[in-house]
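Let's start with one chain on its own, the form predicted alone, as structure tokens.
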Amino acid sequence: MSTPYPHLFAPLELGFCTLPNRVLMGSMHTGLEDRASDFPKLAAYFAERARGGVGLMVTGGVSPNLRGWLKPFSGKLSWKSETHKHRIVTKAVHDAGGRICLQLLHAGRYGMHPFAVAPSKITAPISPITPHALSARAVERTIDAFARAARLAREAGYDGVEIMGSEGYLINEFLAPRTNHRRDDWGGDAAKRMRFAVETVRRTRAACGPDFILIFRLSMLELVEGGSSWEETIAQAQAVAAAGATILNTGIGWHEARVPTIATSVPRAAFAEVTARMKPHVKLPIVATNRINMPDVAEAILAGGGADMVSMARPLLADPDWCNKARSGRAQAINTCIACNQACLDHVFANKKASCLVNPRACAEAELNYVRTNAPRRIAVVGAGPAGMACATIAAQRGHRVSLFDAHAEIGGQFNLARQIPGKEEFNETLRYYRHRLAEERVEVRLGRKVAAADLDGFDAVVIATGVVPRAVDFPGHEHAKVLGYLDLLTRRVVPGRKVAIIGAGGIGFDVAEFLVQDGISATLEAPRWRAEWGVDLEQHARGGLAPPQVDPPARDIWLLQRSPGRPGAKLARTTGWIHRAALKAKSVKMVGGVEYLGVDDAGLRIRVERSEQVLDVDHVVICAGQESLRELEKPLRDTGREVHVIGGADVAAELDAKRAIDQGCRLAARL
């Protein structure tokens, strides 16, 4: 079949088997791996992606023994009785024409339980648990546990295993001098530090035979002080290759690193050059990873000779049919991963089942299905923001006749504001996707006119998805010329002055601060500049690949203020909030909590902090103090006895929660 991405869809010969293309679905924990009762759901999740054309998939991490748990009672494979549930997954994948590997992950000092072990008794900065140091005998038993788990994986029907040797987990801890302070045969010089990894691969290969895929995930850029040197990393790669690895996968960063590696503000393929630097040093296939989310990005890496495969995890969470769409030249139909982390990683770290902001069916394939209706209806959806677009497209997909209304001249709602923020350019992809879907499903789109209840006569049901409006504020001087709303800035109606105070330090306040300090110019679109600002050295002159950050001066002086006491931004998302705080701190943004707003006048913003009054000499004061639901249509429609549904911001005016909005839209459309 001809394809615009010939390198991406070229077969890959492994000697004992041939992969149909160069797409590896990378490992990602979903929260379904830990209980046997969830394995049918896990099977449905992987089978859908196998049908979508993925060349090879890797499961979320499963421990080879109890001490390797990520958390108490998390996924483990050390007993033969545990293979039964895994056969549910492997059979479903093979029946769908796919291949799948089990990731073997020993958490090491990242384990959140009292049995955690590590090469040395060193607590991770992101964990309250101090691990026990492994004895020499325990080291041997742990290596044997990896080999035994791999053999059981083969018995369970897996096509291979991935040995997790990166991101700061146990094997990586042995490799890095930062975490390996041993003075026996498993620590000291580089040869001894890499011995654990090499022995694990060698014994695993011996246990499973030559015709079994063995991926080794090697940390090629650790982004922590005291990591491996580049020369040691090359030696490690060559040693695990000689020990029997089939494929070498790239690992980037540790979980405790000060550099973001997979968030939306990270440039696409920002770390692919590391894989390209390693490729001449090894003969086995090598995989590039991190922020590869569209086929043109993947094709460029492969065509340039920088890798033999590309790894994508969240992009295939967002769109299980990614490969089929790309191969047939329908990239515009891909539901692109925007790397927001809100429903995947944030859920997993909160011990919830993973999902996807742009695809609520992810990990819910067994329960959320868009079955075609036998009773088509006329549906009006008012509001073309995330909730409205999701509801309209799914309802039309099910066979309803749908009209989508919006008072604005373009679809997107709050996404049109979000995409203005430096580092959130991926939101443009979601809008492109929905434009395609609305046309594909033949949704009637009526833009540029505000509708009244009378305009909706003749529809069987009306969905109100009209979103939010900024909450009004009332303090002395709130009507002063210095006072602006965030809409004034993000729609570029007003050019703010050099000194700006922001009232409200929620997600919108942080976004506005980012917009102002960068003056709308995004380092995310310039990978070299982004790496310089975060202090990333791809040539790894220092261990771990860190360099002093070279931060461009801020475009403005910013005060980010919040009424509640404590650290501003404490309620931001767990896996990305620290990035926003660090980025603004680097730009010298002054973040202050416990602020009482006394008023605005010609002198600036008068505030009180800890009983001390002061005047901030600012040119403008931007209000980011929350939103209110816009649902004025609801009452007149209900008064007529119409079937009315309210979703998204119109339902709950929380912090512009696109995850909830899209989920509500999809689930309502599945019921209509």
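What you are looking at is a predicted structure, and each value in this text was computed from that prediction instead of being measured. We number the residues from 1 along the sequence you see.
The form predicted together with a small molecule exists for this protein as well; it is not shown, and the discussion that follows is about that form.
Proximity to the small molecule in the predicted bound form, taken as heavy atoms within 4.5 Å, picks out 444-452 from the listed stretches 444-452, 149-157, 132-140, 477-485.
Shown alone here, K424 lies within 4.5 Å of the small molecule in the predicted bound form, counting heavy atoms only. For the chain shown alone, L633 is a contact residue for the small molecule in the predicted bound form, at least one non-hydrogen atom being within 4.5 angstroms.
Contact annotation for N172: none of its heavy atoms lies within 4.5 Å of the small molecule in the predicted bound form. Using a 4.5 angstroms limit between non-hydrogen atoms, L656 touches the small molecule in the predicted bound form.
Between the options A241, L417, V259, L214, the residue in contact with the small molecule in the predicted bound form by a heavy atom within 4.5 angstroms is L417.
Among the residues T204, T250, T233, T466, the one placing a heavy atom within 4.5 Å of the small molecule in the predicted bound form is T466.
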